[in-house]
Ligand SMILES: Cc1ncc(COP(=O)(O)O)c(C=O)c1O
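Shown next as structure tokens: one chain only, the form predicted on its own.
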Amino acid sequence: MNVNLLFRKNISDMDSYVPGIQPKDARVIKLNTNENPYPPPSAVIDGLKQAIGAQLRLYPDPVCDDLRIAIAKTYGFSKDNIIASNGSDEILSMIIRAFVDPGDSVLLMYPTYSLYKVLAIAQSAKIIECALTEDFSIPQTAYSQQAKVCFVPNPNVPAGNYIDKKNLLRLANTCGGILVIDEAYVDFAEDSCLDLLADNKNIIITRTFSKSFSLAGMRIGFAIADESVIKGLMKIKDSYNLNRLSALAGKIAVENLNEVRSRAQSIKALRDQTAKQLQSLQFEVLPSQTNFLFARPLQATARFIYEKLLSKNILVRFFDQPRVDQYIRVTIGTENEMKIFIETVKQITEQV
């Protein structure tokens, strides 16, 4: 039997999500997946060490109450407004499964986080794509579309810009369904959309511990929304979707938010410095409210710069797709990593 023939047609035909390269070679300078260059708060490491013992034989709390309470207290919400997840990607999947029937419309901007489209296709949804404007803002055409779910990352990916909250509120009022505001990079931005939740029950805000919290390896995420939305999402989550060590790490991390934000400030300062250095090397660098830069070389192709950096053991992200194939995306690493990166880019551009 050819089991491939048993897959649903949309699964057989679809392209899977392609994550950034995860090299095994420790010599590689890894600036391609927007990980935090600094370790998590020391209290997280200490707490995890103490938690590794006989209790690992027990199932974790299925609803992660300790983590949800800590998140609620930190951001000014009730525990009933919070759901915890195995990374924010799991939340995105839950939202699609909870609200979208096969054939329902899902509204996406382009370019955007490519997993949104993968999840929509897997659910046999009808995808509506609206091209972002030249400055990567929401286009007027988006406000005339109707969809069960609309995904918008803010700060935006892959461009890194911040989308005006007035435009997101307008989208929430016109899309006719759920607006998901993906705030994965919000701790590197100057604002957030949490205040929009007070008067808009159709908005869900998703967040992750993978970026500012330095816990990408633990896979922790959460969503904040109206209590009725969270209650519905709870119905379809996996029984024990977050292991006890991840839940504990998230709780301790959010209780040490000042330390997290202090490191985010350091990354932001280095981000702005790196942007100026790239501009001096003839790159167009888009304004960023994230821990990465989206930069277009003016004297060579983005693919050329990407491949030259790769040959010198420096990994950045290159998207071979229309509209974004003129850019490289560069994660902000340590000061030494960024120094080596800039020196290498300078050497490459001098040879062009």
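Numbers for residues come from their place in the sequence shown, where the first is 1. Quick caveat, the model's predicted, so the values are computed rather than measured.
Beyond the structure shown, there is the form predicted in complex with this ligand, which is absent from this document and is the topic of what follows.
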Within 4.5 Å of this ligand in the model of the complex, all of S88, P153 and T208 (non-hydrogen atom): yes
Partner proximity in the model of the complex: R263 to this ligand, non-hydrogen atom cutoff 4.5 Å: no
Non-hydrogen atom contact L248 with this ligand in the model of the complex at 4.5 angstroms: no
Partner contact for V157 in the model of the complex: this ligand, 4.5 angstroms, heavy atom: yes
Partner contact for A184 in the model of the complex: this ligand, 4.5 angstroms, heavy atom: yes
Interface segment, criterion being heavy atoms within 4.5 Å of this ligand in the model of the complex, picked from 278-286, 210-218, 255-263, 138-146: 210-218
Among the candidates Y162, F99, F77, Y113, the residue which, in the model of the complex, approaches this ligand to within 4.5 Å (heavy atoms): Y113
